[in-house]
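First, one chain by itself in structure tokens, the form predicted alone.
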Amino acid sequence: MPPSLPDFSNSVKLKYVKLGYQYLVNHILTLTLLPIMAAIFVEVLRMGPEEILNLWRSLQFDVVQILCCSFLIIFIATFYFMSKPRSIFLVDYACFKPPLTCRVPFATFMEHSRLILKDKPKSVEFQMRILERSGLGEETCLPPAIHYIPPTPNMEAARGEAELVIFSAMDSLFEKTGLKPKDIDILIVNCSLFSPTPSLSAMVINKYKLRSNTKSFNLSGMGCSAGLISIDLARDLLQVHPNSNAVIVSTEIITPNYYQGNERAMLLPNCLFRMGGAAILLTNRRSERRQAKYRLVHVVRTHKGADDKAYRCVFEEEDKEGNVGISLSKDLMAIAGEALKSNITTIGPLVLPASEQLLFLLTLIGRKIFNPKWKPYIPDFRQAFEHFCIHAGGRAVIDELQKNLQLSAEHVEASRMTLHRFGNTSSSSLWYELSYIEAKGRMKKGDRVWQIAFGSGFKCNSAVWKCNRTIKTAIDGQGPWADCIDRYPVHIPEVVKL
């Protein structure tokens, strides 16, 4: 019997081969220039002082040439610095921490569901099955109006929730940064489903008596990815308004959007969405460079709204009985996957090292020319980022992205724990995740963070941040994780029997 071939996957340390390949390709320019520079240096050493002096004398420069060269260098340098985009810094941010009175344990949620939907036992059973597999914990919170039986989702209660969440986050931001309301030049508030008149941004201006020339914006209907859309808008505004501060408030008001009907596609958000909000301070002031936590590197936005299925996969509408709710399509995950693919195609060349881009290009050429059945190469985004903040939209969303991006359990830990502790807080979930990473003491200077969010429309948006300084764990009890970070991470079973 012929001897079997050795198992090269075990006998050869392919891990180190791959690391060697990555180092070689990523540093090819340096490795090429070093021998050339060394050869020039050795040749100069071989030349005597007279030969060097004769070489210098042979280079004839007159005053006109020197002035022209100097002018050209100054012109190019001036043009470069004038056209270079302003650096945008994230000074700090604050997340709303709901009061204990708003907590909704599983038993409370199911008891209320049975009382509210007492004539619809199948809907109650459906919600129980969703909750068991949701990945949420016992400490998530709903606004006071939803605690009543029956709920009282009126305008007054919705405004009350908005004031509680937004003002609490703003107050915390002012305390952490020392920012004064009069120093706010740009204000952006995003809330997808609650858009009263006057707007939420006007409510903030009235509360804190902001300047009359403050540039304010109110974004609605943009879904769970609206937080990164606000970041993109703030970035564009800060490019044209020098020496300015921009405050972004990201939240979702739950009170007016609690569905009380019988449609399963609309009952799903009741089980996942919870209270939350965040206030973020961005600036382009150079004086804040050292104090700032992060520098904004890229924002990439992808919109699939031209496709009818994508447009309707998250849709606010009335059911047959006239109850308004948010309908989630069964095609949601497939559509999210397509949107993510488009987003990755755009952001990949901006962030991936040369080694990953070369492998992707070679595989693409191989599939086009040799064999279309070749498995496409999925770039290793772990080479580009140290931390991942995936929108905590639900367990299925996190599972799918972990699988597609080939991430480890630690890479998605912040997303899973945020979903467990706070639920789906919509556009603000990314900031709870970032706060989790900081509270664990994992954020070091130079670390790169990738925030990924999905939203109705359908959209997939990304933001890339680079850590400006090593962030120490807060010892003053601030932050949404202050009283529970020692308990995390926790094991989250596939099914929690209720």
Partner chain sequence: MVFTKELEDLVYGIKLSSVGPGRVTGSDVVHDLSGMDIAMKLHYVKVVYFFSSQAAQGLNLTRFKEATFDCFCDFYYTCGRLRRSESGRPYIKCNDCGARYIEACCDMTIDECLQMKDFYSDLQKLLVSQQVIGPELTFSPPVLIQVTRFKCGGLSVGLSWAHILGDAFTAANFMNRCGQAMARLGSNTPANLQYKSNTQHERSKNPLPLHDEPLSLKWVDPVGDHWIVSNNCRMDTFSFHITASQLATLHSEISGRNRSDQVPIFESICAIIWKCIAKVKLGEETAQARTVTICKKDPRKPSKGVVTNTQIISAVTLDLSVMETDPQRLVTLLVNEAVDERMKMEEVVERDDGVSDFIMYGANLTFVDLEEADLYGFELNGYKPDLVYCTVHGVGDEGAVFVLPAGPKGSGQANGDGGRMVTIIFPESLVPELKAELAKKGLGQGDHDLT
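From a predicted model like this one, the values you see are computed outputs, not experimental measurements. Positions refer to the first chain, counted from 1.
In what follows, reference is made to the form predicted in complex with the partner chain, a form of this protein that is not presented.
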property: Contact label in the predicted bound form: H147 to the partner chain, heavy atom within 4.5 Å; result: yes
property: 4.5 angstroms heavy atom contact with the partner chain in the predicted bound form for R114; result: yes
property: 4.5 Å heavy atom contact, L350 and the partner chain in the predicted bound form; result: no
property: Any non-hydrogen atom of R285 within 4.5 angstroms of the partner chain in the predicted bound form; result: no
property: Listed residue (S220, N206, S408, T108) with a non-hydrogen atom within 4.5 angstroms of the partner chain in the predicted bound form; result: T108
property: Residue (of N371, N213, T197, T101) lying close to the partner chain in the predicted bound form, criterion heavy atoms within 4.5 Å; result: T101
property: Among 382-390, 68-76, 307-315, 114-122, the region lying within 4.5 Å of the partner chain in the predicted bound form by heavy atom distance; result: 114-122
